[in-house]
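Before any questions on how it binds or moves, here is one chain, the form predicted alone, in structure tokens.
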Amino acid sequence: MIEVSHLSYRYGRKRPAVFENVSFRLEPGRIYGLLGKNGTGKSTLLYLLSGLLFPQEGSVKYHGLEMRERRPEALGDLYLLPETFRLPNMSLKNYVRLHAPFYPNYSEQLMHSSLEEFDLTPDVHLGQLSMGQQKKAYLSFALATNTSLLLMDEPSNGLDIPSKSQFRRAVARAMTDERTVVISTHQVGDVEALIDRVMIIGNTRLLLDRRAEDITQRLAFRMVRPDETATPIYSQHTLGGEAGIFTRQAGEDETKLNLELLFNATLTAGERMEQVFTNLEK
């Protein structure tokens, strides 16, 4: 669906590079979790994928189309939900009437089901909603565009705890085998159970790009036992003790993916983590 080849980008010639020679593919039917420290380029990458920014080197192709050309057939089949937004002072019905025609696959059914999930109705007035309710209305429209590619920048920001659960259910309901969703977030707990592929960026490059299933099949996320004989790949102190990542042994039960632990391990012990995956693939 999306093919990024040897992408490099910086904001101005005298500014440090945000990305250097980055390549990857986004496949249909997957929900990607895009993780990175603040300032490492998560939002920038979404803008590059959507054609709002152009790489200085390399290319971003969507179904073979160069995104820098901003072709209507590409723009009508992707949607970017930004982290910050300002909705117009109008009814949601009018907002939909004005914007839905730009998206040929817009689904009224998805719109109604998403609004219902968020406890909203189609006749709400955007100007009279709280910021959290506006976010839910905007999320509903983003899902209802039914585009093949949906990019979301910190979508759970501003949502309370019940709304975050509603968000996960709404995204899961809107997924198809043909749709790709990229969720950029630093609130890893909000998407841990939702994503099926993890992308971690840092130091101008892609540090990790793995299916969640592959990660949990090859690594074990558990507490370090007092009589531990195995050496963890990475460990960190928590309130409950020391949490670690281990190479999963034959016959060992699969453990739940711990995104926070994986993220910290990738940033602080990246070479060791990379070597583990390289060894496992041999």
Partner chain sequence: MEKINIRRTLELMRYDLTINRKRYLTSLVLVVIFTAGFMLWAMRFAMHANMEGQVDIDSRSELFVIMTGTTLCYTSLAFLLGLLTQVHDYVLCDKQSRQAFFMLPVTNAERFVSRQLTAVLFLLAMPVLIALARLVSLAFLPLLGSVNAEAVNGFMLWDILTNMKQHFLPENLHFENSGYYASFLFLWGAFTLGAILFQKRSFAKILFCVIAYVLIGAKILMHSLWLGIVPVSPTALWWAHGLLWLVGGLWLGYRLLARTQLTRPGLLKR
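Everything numeric here is computed off the predicted structure, so don't read it as measured data. Positions refer to the first chain, counted from 1.
The next section is about a form of this same protein that is not shown, the form predicted together with the partner chain.
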Practice task
Could you check which residue among Ala212, Leu110, Leu78, Leu120 gets a heavy atom within 4.5 Å of the partner chain in the model of the complex?
Solution key: Leu78
Problem - Residue contact check: Pro88 to the partner chain in the model of the complex, 4.5 Å heavy atom - result: yes
Exercise for the section: Would you please decide whether Tyr103 lies within 4.5 angstroms of the partner chain in the model of the complex, comparing each non-hydrogen atom pair? Expected result: yes
Practice task
Find out whether any non-hydrogen atom of Thr84 is located within 4.5 angstroms of the partner chain in the model of the complex, and reply yes or no.
Solution key: yes
Exercise for the section: Would you please decide whether Val60 lies within 4.5 angstroms of the partner chain in the model of the complex, comparing each non-hydrogen atom pair? Expected result: no
Exercise for the section: Name the stretch: of 29-37, 235-243, 213-221, 43-51, exactly one has residues whose heavy atoms fall within 4.5 Å of the partner chain in the model of the complex. Expected result: 43-51
Exercise for the section: Would you mind checking 1-30 for residues with a heavy atom within 4.5 Å of the partner chain in the model of the complex? Expected result: Tyr9, Tyr11, Arg15
